[in-house]
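What follows is a single chain, given as structure tokens, in the form predicted on its own.
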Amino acid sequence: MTRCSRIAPALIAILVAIGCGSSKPQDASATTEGQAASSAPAQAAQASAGQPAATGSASIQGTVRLNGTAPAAEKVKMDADPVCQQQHASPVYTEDVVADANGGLKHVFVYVKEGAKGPFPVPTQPVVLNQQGCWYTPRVLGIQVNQPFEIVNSDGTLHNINAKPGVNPPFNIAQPVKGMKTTKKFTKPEIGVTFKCNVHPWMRAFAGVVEHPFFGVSGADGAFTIAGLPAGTYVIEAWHEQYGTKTQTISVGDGETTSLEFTFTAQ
């Protein structure tokens, strides 16, 4: 049986619509490889940090909190693609808003909006967006301008990566084979670049593209860290896919660790 005959008719229609890739020519920075990705999913998650060596000795350790009750997560219906459904022993729920019992808000991109003085070296290690279990990992990531951005299909089913930036060029690339990877770059700063899969419409991920290494993403308890800052005064912004942005100005000294808290209000 050929590879294409194993793809459901509906998925073939989508693959044809995007031409086994993009309906528009890819830019010169894009490459797609048919062999298995060299990094395992766990290694890909580690690589997503992708930041160069620290340039200063100050740091910010903070927390993002949600004031109010988070909207109830909805169960994701994956039964349209058995490959997706079979990879999950328990139900999967939406992650638009994820907060713990103490209000810690997950998946918030926190970065230096103003005050960073460059230029800064661009990491050669790629930031990795992995597709596994028909789910994007990580959901929110940070990346520097011109840093390699690697998208990996770890599933035995068709995915397409439909990127919807507003400043950088959009792209829409098909990955029909498990192990395929595509490398791209963003050439301009942009916060909240959206990725989706047209085959599996519940899949969403977001990127913050900045010109420096001073950023972090809040974890399950809402905590984040921005390390390696030179002494100075900075405008720090927190971005959430549902609640928008909050900004604060903070000063840090050499060797200091300063605390910072952002609060969003549930809608």
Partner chain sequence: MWGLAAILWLAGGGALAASERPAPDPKAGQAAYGRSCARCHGAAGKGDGVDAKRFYPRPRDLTLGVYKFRSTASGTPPTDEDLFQTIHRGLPGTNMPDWQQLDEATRWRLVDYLKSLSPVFEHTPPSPVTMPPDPGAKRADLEKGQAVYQQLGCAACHGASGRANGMSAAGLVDDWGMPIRPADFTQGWTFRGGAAPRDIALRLITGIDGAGMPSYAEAVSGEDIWHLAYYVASLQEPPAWHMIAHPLRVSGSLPASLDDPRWGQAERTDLRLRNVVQPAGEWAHPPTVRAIRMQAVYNEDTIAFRLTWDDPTQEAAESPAPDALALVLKPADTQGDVVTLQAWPYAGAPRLDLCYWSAAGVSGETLAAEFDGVRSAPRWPATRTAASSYDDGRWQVLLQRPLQPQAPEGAAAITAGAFTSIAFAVWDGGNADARAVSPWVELSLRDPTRPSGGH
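Numbering follows the first chain given and starts at 1. Remember, predicted model here, so these are calculated numbers, not experimental data.
In what follows, reference is made to the form predicted together with its partner chain, a form of this protein that is not presented.
The partner is absent here; in the predicted complex, the one residue of Thr137, Asn162, Ser154, Gln147 having a heavy atom within 4.5 Å of its partner chain is Asn162. Put simply, of Asp81, Glu95, Asp100, Glu190 only one has a heavy atom within 4.5 Å of its partner chain in the predicted complex, and it is Asp81. For its partner chain in the predicted complex, the listed stretch (103-111, 124-132, 67-75, 173-181) containing residues with heavy atoms inside 4.5 Å is 173-181. Shown alone here, Asn198 lies within 4.5 Å of its partner chain in the predicted complex, counting heavy atoms only. The closest non-hydrogen atom of Leu141 lies beyond 4.5 Å of its partner chain in the predicted complex.
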